[in-house]
Structure formats: structure tokens, C-alpha cells
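Only one chain is shown below, in C-alpha cells, and it's the form predicted alone.
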Amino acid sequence: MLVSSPQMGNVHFFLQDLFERLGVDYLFPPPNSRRTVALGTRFAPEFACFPFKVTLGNFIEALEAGADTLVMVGGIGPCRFGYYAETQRRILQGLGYQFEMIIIEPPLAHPLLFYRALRRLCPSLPLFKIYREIRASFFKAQSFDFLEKRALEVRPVEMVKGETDKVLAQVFEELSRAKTEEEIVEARKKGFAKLEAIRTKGKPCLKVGLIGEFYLLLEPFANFGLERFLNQKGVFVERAVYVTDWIGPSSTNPVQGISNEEIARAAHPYLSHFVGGEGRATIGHIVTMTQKGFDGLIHLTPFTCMPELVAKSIFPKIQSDLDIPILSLIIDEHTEKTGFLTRIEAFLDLLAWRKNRKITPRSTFINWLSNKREKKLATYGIKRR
């Protein structure tokens, strides 16, 4: 058995460590690329959302690389994500691939199906050992998330550009080698110490929250490295979801810091019931991030994503009530990086103008905006007459 899975943020750290502990051969999925998207788009239904197409492309490339077992998570609620695995299985079988598809259903919603999937992966291991190894791997994966979150706070104020990325890569490599709980705790402690030792200056110029569909928030390829792009412009970034919060059985979300119950309570005046996916969470995070004093929010959604479309229909009302700018970006296989990041830059200019308007006289602001335009034109070798 050679197992593989789709690529999504830091989830491969968790799966690689877990399957190694369970004695299952794991094929690290090929990095996402334009070829991955092209393969998924070619064979997926036209109406399928972007994450479906990318993960289908992941599976095709994994099968081409020799995988014979594919692992995919299931889902609940009125969202097409719960149908991904079965639909992809039928598409791949129709293309002539020989493989086994194992679907990991949410353990609290479908405990029996979750147990059966584990048994198919490692039929000879005692249940207590499987539980122990899952717990150890999850704790390790959670450490990756905590370190990544801290890097998001340090990167926008680093004195030497690129130092945070260099240190984070070293920290991740050291944490990857840790096996026991004691080693993981020690590697995590050293990782935080190294991140704290990075020389910083001043404060972030803006605070921006990232909200929306989980795959687009977690996978840098799908969002064109948005977090690093914002950090490198001196913007503090807070993400609405992290890998271990999303896959974990608990609803407390220790990495993000706000429980599902708190999010539902914050969203209740605007959306009082579950609509699938992250629809209600998107509304709740708008409220909580506004309360935290964020300057603006960037909403990422795949084309045709029903839960996010429901949430987006509420944006005019919530923006009017809370006075918070929200840039909603729809992503599919036709989205290009240049146009995507250009819209982000324009939004940041708007947020900076809005923030300066509150603290500077009008004449001062006009001079600031004029100077900013002159500098931007100068980068292209253009001088205004």
C-alpha cells in the first residue's frame, strides 16, 4: 500500500508523520502547479468549485507517481465538499486508474465510518496504538500551526526582509525530526525562541483579516501566497482557520483562539443557522475581527461556493452596521496572480487612506496621496509633468 492525499497548507506534516508512525508508506503529494490545475479542470465537471479541481489534479499526479491508495476527508452539511471523494473516485475510475479510495469521515459525526477507514489503513494495529499515534501526530501538527501563526505576527515588522521565512524553515525542519512528546515540546519551545529573537521594528501599518473558504485560506498556491505578500508590505495578518483547528475533533479552535460557539454567537444577529462550509464562520469572524480593531478584511471564495455566496449576500448589511471594509475575491482556474494581487494593493491603499483620514487634516492627506502616486509611477520609470 502506497498512500497519498491532496496538498493543503501544512496538512502534509501531519499525514507524513502519522503514516510513518502507523507503518504505512506515504507518498508526499507533488507540489501544486499549473499542471495540477489543468489536469483537474480537464476532467472535473464544469460547475465544480476550484478546490475540487485542484485536489482532483493532486490525485492524478499522485497516481502517476505510483500511489495505489488515495485518502480524502469527508464532510457534513449542505456543502458539496462532502461529495468530493465519491465524485473524484468515479472520475478517476472512469479514466482507467486502479486504486483504493479511503474516506476519513468526521469522527464525531460518523464514528463508525471513521473507525472503519482507520482499520482499512492499518488492519493489524491495536486500536489503542492507533489512537496514541494519532494523538502524538496531531500534537506535532498543532505545533506547526502555532509557529506559523507567530511567524505571521513577526514577518511584517522584521528588520531584515526574508529573515522570518529563513528561520521558520529551520524551525519546521527541526520540528519534523521530533518524535516523542518531549522532543516535540522542546522543538516547539526552541522554535518560538528563534522567532522571538528576530529583530523587529515599529508596528504593522495595517491589520487585515483573512476570511472565507478553508481551502483557499490554507493553501498558499490557491491564494497566490497572499499572507506573505501582505506581511512583506508591513501588514499584520490574522487567518480565520488553521489546519489543526479544522481537522481537530474539538470545537475550541486553540490555534485561532475563538471557539465555534463564540463564532456562532457573534454571527447570530446576521446568520442564525448553519449553512454549510464556513458560511456562518465567515460572518462571525467579520464581527469578532471588527471588534479587535482590524482595518479591513479580505474574503476568499471559490467560484460557485454556496455557503460563501450566502455569507456574501449579508456583507452589505454587516458592513453598514460595523463600518468595516471587505474585499471579496472569487477564485477559479482562470484567476491570474497579477490581477489578483493588483486588487489587493488597491484595497491596501484604500485602507491606508481610510486610516489616515481619521488622524490627518485633508490637505495633509492630499499631499500624502500625491507623494504615494509619484513613488509608484517612479517605479515604472514614469515622471508626471
Partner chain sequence: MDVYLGVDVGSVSTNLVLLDDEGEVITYEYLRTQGQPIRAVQEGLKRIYSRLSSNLVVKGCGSTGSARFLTAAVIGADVVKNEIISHALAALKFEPQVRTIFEIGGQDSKVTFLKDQVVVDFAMNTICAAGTGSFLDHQAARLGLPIESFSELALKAKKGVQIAGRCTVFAESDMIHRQQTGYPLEEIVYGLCQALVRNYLNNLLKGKPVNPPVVFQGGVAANKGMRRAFEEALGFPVVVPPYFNVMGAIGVALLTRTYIQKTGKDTNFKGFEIVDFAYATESFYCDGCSNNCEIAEIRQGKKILARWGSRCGKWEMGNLEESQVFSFL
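Positions refer to the first chain, counted from 1. Keep in mind it's a predicted model, so treat the numbers as computed, not measured.
Not pictured, yet referred to below: the form predicted together with its partner chain.
Participant: Identify, from the list Ala44, Leu348, Ala67, Ile318, the residue with a heavy atom within 4.5 Å of its partner chain in the model of the complex.
Facilitator: Checked against the cut-off, the match is Leu348.
Participant: Though only this chain appears here, would Asn58 touch its partner chain in the model of the complex if you measure heavy atom gaps against 4.5 Å?
Facilitator: No.
Participant: Hey, in the model of the complex, does Phe303 get a heavy atom within 4.5 angstroms of its partner chain?
Facilitator: Phe303 belongs to the contact set for its partner chain.
Participant: Spell out, yes or no, whether the shortest heavy atom distance between Phe274 and its partner chain in the model of the complex is within 4.5 Å.
Facilitator: No.
Participant: Is Phe139 close enough to its partner chain in the model of the complex to count, meaning some heavy atom within 4.5 Å?
Facilitator: It does not: once its partner chain is placed as it appears in the model of the complex, Phe139 has no heavy atom within 4.5 Å of it.
Participant: Counting only non-hydrogen atoms, which stretch in 165-173, 116-124, 192-200, 217-225 is within 4.5 Å of its partner chain in the model of the complex?
Facilitator: Of the options given, it is 217-225.
Participant: Which residues within 233-263 place at least one heavy atom within 4.5 Å of its partner chain in the model of the complex?
Facilitator: The stretch 233-263, when checked against its partner chain in the model of the complex, contributes only Lys233 at the 4.5 Å heavy-atom cut-off.
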